[in-house]
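A single chain, nothing else alongside it, follows as structure tokens in the form predicted alone.
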Amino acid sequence: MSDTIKYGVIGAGVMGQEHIQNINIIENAEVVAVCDTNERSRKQTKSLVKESTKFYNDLNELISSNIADAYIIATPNFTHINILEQILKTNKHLLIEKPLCTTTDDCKKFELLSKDYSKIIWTGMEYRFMPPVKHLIDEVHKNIIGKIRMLSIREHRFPFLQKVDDWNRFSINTGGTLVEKCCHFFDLMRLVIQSEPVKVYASGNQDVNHLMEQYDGKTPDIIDNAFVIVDFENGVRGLLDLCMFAENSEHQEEIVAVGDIGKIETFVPSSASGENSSNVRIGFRKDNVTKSNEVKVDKEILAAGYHHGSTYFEHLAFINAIQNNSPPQVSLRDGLMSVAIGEAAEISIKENRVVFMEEFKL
């Protein structure tokens, strides 16, 4: 393999295009192939890649071409399991956009199918790589706030973007909002807290968004707001506060970790604001002592996507793992667990009960 990592992008929609834009600003990476069954998506993507980039509308043709070192799977959630079953024959490095699959059972199926796979399988969890969030994670793991006891994550944002064929309007295609969108946050909970979930209890509903929309005579059924509490084995509890009808919030995401000697908090500016810096603030219980660090993101990196630079930094880490033959920072198991917590939260809302993670036989 050459020093330059050659990517094949499977799925040229919103997220596939974000990956391409970030790969374009990485010196030792290039997109050599794009595969999508949707002609409009392929046309939109042509302006983002080199003239030499090959385009395919058939996955098997892409696989047969054997021109990529690594594949990004950024297709609609419900297509992942079938694509993953096929892509395993390539024995190439894989970066699979979240959620890994729409159900825990499909994630477990893929985990079993890939148990002897010799190349990197990386789950795309961009939020880990947002600079202010990573700074918070590092500080928590240094025990700067003592022993962590609580973690809360708030996302107040705009509704889901429109996607090809409106596939993301229905839970059968996405796994439900708490799988599709919030697997990111459940992954962060596990990463920050460094423990496994025991039980999940949630309250949520579809109260505002998409209620007047119809697709083939069906009304969307995706939750647009929820509170989710996750209890962990080590006694720490996590809270997710989600609202998908909160446009123009000053901060799109806010994260707060509280330990026995202090509290650390940060925020991610809304995509529309164009802000390129965040503060990571630490307050200690004694003597009214606080300290604050400003975390900036280069504006070129910020402009390459919707995730505050995280996709760029994720690719740097992915490429580093490939070149150094090191384990993925976000494993297949991480992807599975984030889906399982999201699925547990969806069940908790539907069945109005506490869901124990042992029910998933993980």
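Numbering starts at 1 and runs along the sequence shown. Since the model is a prediction, treat every value here as computed from it, not as a measurement.
The same protein has a further form, the form predicted together with a small molecule, not shown here; the description that follows concerns it.
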message: in the predicted complex, is there a heavy atom of the small molecule that lies within 4.5 Å of any heavy atom of Ile223, even though the partner is absent here?
response: no
message: Please determine whether Gln329 contacts the small molecule in the predicted complex, using a 4.5 Å cut-off between heavy atoms.
response: no
- prompt: Is Thr53 close to the small molecule in the predicted complex, meaning a heavy atom pair under 4.5 Å apart or at it?
  reply: no
query: How about Phe284: is it within 4.5 Å of the small molecule in the predicted complex, going by heavy atoms?
result: no
- prompt: Would the small molecule be touched by all three of Glu155, Cys182 and Ser348 in the predicted complex, meaning a heavy atom each within 4.5 Å?
  reply: no
field: Partner-contacting position among Lys163, Arg149, Lys109, His141 - heavy atom within 4.5 Å of the small molecule in the predicted complex
entry: Lys163
- request: Name the residue from Ala74, Val268, Val200, Leu242 that puts a heavy atom within 4.5 Å of the small molecule in the predicted complex.
  value: Ala74
message: Only one of these stretches, 336 to 344, 20 to 28, 5 to 13, 350 to 358, has heavy atoms within 4.5 Å of the small molecule in the predicted complex; which one is it?
response: 5 to 13
